[in-house]
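Here we start with a single chain on its own, the form predicted on its own, put down as structure tokens.
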């Protein structure tokens, strides 16, 4: 790991530690009512009394499973459609108005239709998460491929590249920075709509854990722990995606 990358990570961790420590001090000092918003140590201690580690792990794994499946479906579809719409003008003229018509509709608005179309099982949850990931990725892919420098394309054509070869060897690498940014945004939105997706008759998952506590015991501590776990999972996975993205982009630009 490069020294600059290490220092960036350490600074990021320091920022998180400062926020957590400040949160703890405010509650311990009486500035915040612990019944309404417990400190991190209070929240995790109470959650440990109410839920076993195995139960929390099960909820976490189910949420990750739903996010990964829904996100992969949305990211793949968004990449293919966005690249096709940007690279082939005719496809873009047909698909762009449809995408722009549907893009402003929030995923939550699709929940009733998801239940009617897919029932109360996992497919309806995948569909809601799919929507959260699809639109940022398809937009980023379209912007990236339509922003490729024409000089690069003409230079590649002088070396005989045409058709799919030109797209794969020049278009996609040049569009990669925009596409990978869209992927990161879509991944974050997948976490953001997780609770809404798990409202659809779920019996496990972090979203279910949060809503179940609200509807039954009203344990603020468990709710805080569930929210915190979603944030931690997103932070760690986003860092991993960002590191892989920078490595790929740096390697291509280096060549």
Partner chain sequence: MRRRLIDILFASVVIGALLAAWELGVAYGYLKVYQFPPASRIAKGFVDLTTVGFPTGITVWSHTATTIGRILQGYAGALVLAIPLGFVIGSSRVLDKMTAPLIVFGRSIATLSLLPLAIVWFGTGELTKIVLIGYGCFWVMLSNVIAGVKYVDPVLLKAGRAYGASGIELARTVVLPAALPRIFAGARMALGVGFMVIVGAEMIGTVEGLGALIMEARTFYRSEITIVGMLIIGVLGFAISTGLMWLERALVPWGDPLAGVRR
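Residue numbers count along the first chain shown, from 1. Superpose the two forms; the largest set of C-alphas matching within 1.5 Å is the rigid core. Bear in mind the structure is a predicted one, so any value in this text is a computation, not a measurement.
The next section is about a form of this same protein that is not shown, the form predicted together with the partner chain.
* Could you confirm whether residue 204 comes within 4.5 Å of the partner chain in the predicted complex, counting heavy atoms only? => Residue 204: no, not in contact with the partner chain in the predicted complex.
Query raised in the report: With the cut-off set at 4.5 Å between non-hydrogen atoms, does residue 143 touch the partner chain in the predicted complex?
Result: Residue-level check for residue 143: yes, a contact with the partner chain.
Does the partner chain get within 4.5 angstroms of any non-hydrogen atom of residue 214 in the predicted complex? Looking in the predicted complex, residue contacts with the partner chain include residue 214, since a heavy atom lies within 4.5 Å.
I'd like to know whether residue 36 contacts the partner chain in the predicted complex, with contact meaning heavy atoms within 4.5 angstroms. Residue 36: contacts the partner chain in the predicted complex.
Pick from 42, 223, 56, 27: which residue has any heavy atom within 4.5 angstroms of the partner chain in the predicted complex?
If I apply the 4.5 Å criterion carefully, the residue I get is 223.
Is every one of 11, 94 and 192 in contact with the partner chain in the predicted complex, taking contact as a heavy atom within 4.5 Å? Result yes, every residue of the spot touches the partner chain.
#### Entry: Heavy atom contacts to the partner chain in the predicted complex at 4.5 Å, residues of 106-139 in sequence order
Residues within 4.5 Å: 106, 107, 108, 109, 110, 111, 112, 113, 115, 116, 117.
- [ ] Using a rigid core alignment, state whether the CA of residue 27 is displaced by 2 Å or more between this form and the one not shown.
- [x] Yes, because once the rigid core is superposed, the C-alpha of residue 27 moves 2 Å or more between this form and the one not shown.
Original post:
Hey, does residue 212 budge by 2 Å or more at the Cα between this form and the one not shown once the core is superposed?
Top reply: Where the cores coincide, residue 212 shows only a C-alpha shift between this form and the one not shown that is less than 2 Å.
Item to complete: Could you check whether the CA atom of residue 16 moves 2 Å or more between this form and the one not shown, using the rigid core for the fit?
Response: Yes, shifts by 2 Å or more.
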